[in-house]
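The chain that follows stands alone, in the form predicted on its own, written as structure tokens.
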């Protein structure tokens, strides 16, 4: 359960995980240890420079952002503020950490220049396309239908988390693009006060934070939001198994955030595991399949169309028509190609059907990742029995 503490109290202990620090963001950031945070998501004041009230065609007033926290005396004062909090965020980020900052045309270009001046390296800019934007009631400009997120590492040579395969899975097998169509925060997700009015004028949709955290963090990572508001970042972080630190100076926003966070139920560990890249998987040589007895020397392997048959050798190589080599080399050889993925090309016979030898690799990989030391005779017995029924030469 989260709690709200003062910046002074936060400074007395270690990293105040799953906590809202009440106070000014720059002062609170200074209390955090250097290189202690994995990801920063910042939704700073936009300095909207609104001039007069805005009304709909029926003359009803649009509830825009006119709070004191969004007002600055000049661009220079806004730039100084941006430099102060961005510098502290860079200090508290780990060398492998990244920063996300969201804004509109009013401020994002100034923020982008400042973070570059501080040494951040921009990785991407993301266009958040609002599926349901507010119309331009005056009819004097285009409907403002998007906001911009900047994603940056601490410097140009930093390594950082990017869960490419997880995002691809999230996008039904397609590479995730830099334009995201996500609805505004509406309905039951929009927090309201006792008077029925919005609890916060710029509450971001949880779907946006979900994508950010899946993209650039891992379960257990520490996520910092220096402009916590009503706690969207904390709610999503808690649900996805991340730790969070929020900074907020408005007591009303903190109350809403705490109530919201109490209601969040963290997902089970197996439900937040990320789809991994091939490089992250445990390497299993084909020779291990042979030495574990899942395939035995002399067994035949086939391509999917049974055009070629190769013989398994004791050292984990294959032979066909006098040629010998690895599963990849022999797969390429029989096809007359420069390369081949032998794991998906070669198949064994089981229950009268051809099955890719990659199934056997997956069995061994699952055992290794689970940390189990299972004797050869006990490894995937059903798969082994099926493989042993393969035709011998």
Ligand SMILES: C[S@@+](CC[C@H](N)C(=O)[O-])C[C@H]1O[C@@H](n2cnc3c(N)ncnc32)[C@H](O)[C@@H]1O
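Numbering follows the first chain given and starts at 1. None of the values given here were measured: they were computed from a predicted structure.
One more form of this protein exists, namely the form predicted in complex with the ligand; it is left out here, but the text below deals with it.
- Screening 304-312, 202-210, 111-119, 237-245 for residues having heavy atoms within 4.5 Å of the ligand in the predicted bound form returns a single hit, 202-210.
- The ligand in the predicted bound form comes within 4.5 Å of a heavy atom belonging to residue 25.
- Contact annotation: residue 97 falls outside 4.5 Å of the ligand in the predicted bound form, judged by heavy atom distances.
- In the predicted bound form, the ligand lies farther than 4.5 Å from every heavy atom of residue 79.
- The closest heavy atom approach of residue 227 to the ligand in the predicted bound form falls within 4.5 Å.
- When you look in the predicted bound form, the only residue of 292, 249, 130, 300 with a non-hydrogen atom within 4.5 Å of the ligand is 249.
- 45 is the sole member of 342, 45, 325, 356 with a non-hydrogen atom lying within 4.5 angstroms of the ligand in the predicted bound form.
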